[in-house]
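Next up: a single chain in structure tokens, the form predicted on its own.
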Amino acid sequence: MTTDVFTPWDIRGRNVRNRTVLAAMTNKQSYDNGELSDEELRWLALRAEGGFGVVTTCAANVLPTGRTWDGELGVYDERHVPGLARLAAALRDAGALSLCQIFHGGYRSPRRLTGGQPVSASDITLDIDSFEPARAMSRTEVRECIEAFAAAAERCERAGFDAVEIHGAHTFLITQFLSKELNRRDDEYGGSLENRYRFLGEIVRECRARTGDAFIVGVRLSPGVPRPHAGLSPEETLEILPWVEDDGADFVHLSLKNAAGVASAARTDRTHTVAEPEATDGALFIPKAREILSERVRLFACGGVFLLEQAEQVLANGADAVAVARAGIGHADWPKRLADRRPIDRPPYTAERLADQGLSPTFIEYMRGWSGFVAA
């Protein structure tokens, strides 16, 4: 007997086979020039073959100045299009909706990768180990970056992708513009929330204008990102949702700590201690977001989901689709396992297990930096 998790749905006229989404994840498997590797292709194609309704690439940088880590996928040059086309075709042939996440690292783009000083909304120095002071982008650079996002979306469409996800979450450049702590500009891109949002809004509008009617444009947001490094408060996030919709976004992807809600997490994990729900608890925040957005705008939610019961709760909270990261790393066939009621195990995973799930040695080594993810 199926559940809502396996109910087909549509977004901008595109049919999606179920409500599962593989979220974007750093994996360091592409080439240093931004071109797609066979390892990255295999990793993502296995998730499409494993039943995910939507498969998202890792964050792909829209400018060389936005490169944030080694082995990062690029969408800033025409030489990237053939690899993107191979990937889009593989995901489509396996039955998944293909989604490329596009971003710029801002102050998180180190000189050793970009050849220049990191840039951000304002001059920034943070008390973080190995932090490189960032300089404020000029108005011309801001406009060039907006154009780069739009050009990247156009390349993705030409390559055959169904959609782009504009990465306005966590602590990357767009979030740095949204942050009232980090954005101290005195022009039209700084000051009030409306002005701090302008950078993201213009990116959404330009991506929408440069792509066809069938192409999907969405935004990822992370309400309540720990401050002062970057981020919007939950209240500010809710305030900008109507602007995101008016600017043409087809979906909003909320990156939360507990998308199902802490009470639900406690019911499905006996080791979990029930805490006082935070403002971004999925059971509290997702219904508020759903009430603000029209039915045209689809709502994805990610955070802490492994089990079928949790996925069902995310949908019950008001999301149209449930996204996973860690569960998708450990289980290439996570959706099929849910449908068949097969066991879902949590980290740590052995290196052999991860290799069997399509992770290259480079990706496995990167995951060793995640506490408790790879078995010793």
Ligand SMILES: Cc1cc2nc3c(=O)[nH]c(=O)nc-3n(C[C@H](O)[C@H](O)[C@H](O)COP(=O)(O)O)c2cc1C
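In this text, residue numbers run from 1 along the sequence as written. Because the structure is predicted, anything quoted here is derived from the model rather than measured.
Unshown form predicted in complex with the ligand; subsequent notes refer to it.
Peer 1: The ligand in the predicted bound form: within 4.5 Å of a heavy atom of each of 170, 326 and 329?
Peer 2: Yes: each residue has a heavy atom within 4.5 Å of the partner.
Peer 1: Report the residue, out of 255, 120, 179, 280, that has at least one non-hydrogen atom within 4.5 angstroms of the ligand in the predicted bound form.
Peer 2: If I apply the 4.5 Å criterion carefully, the residue I get is 255.
Peer 1: Looking at 204, 156, 91, 302, which is the one with a non-hydrogen atom within 4.5 Å of the ligand in the predicted bound form?
Peer 2: The option sitting close enough to the partner is 302.
Peer 1: Do residue 36 and the ligand share at least one heavy atom pair within 4.5 Å in the predicted bound form?
Peer 2: Answer no; every heavy atom of residue 36 is more than 4.5 Å from the ligand in the predicted bound form.
Peer 1: Considering non-hydrogen atoms and a 4.5 Å limit, does the ligand approach residue 364 in the predicted bound form?
Peer 2: Answer no; every heavy atom of residue 364 is more than 4.5 Å from the ligand in the predicted bound form.
Peer 1: Can residue 58 be called a contact residue for the ligand in the predicted bound form at 4.5 Å between heavy atoms?
Peer 2: So residue 58 counts as contacting the ligand.
Peer 1: State yes or no: in the predicted bound form, is some non-hydrogen atom of residue 220 no more than 4.5 angstroms from a non-hydrogen atom of the ligand?
Peer 2: Flag for residue 220 set to yes.
Peer 1: Which one of these stretches, 337-345, 312-320, 22-30, 46-54, sits within 4.5 Å of the ligand in the predicted bound form when only heavy atoms are counted?
Peer 2: Comparing against the ligand in the predicted bound form, the contact stretch is 22-30.
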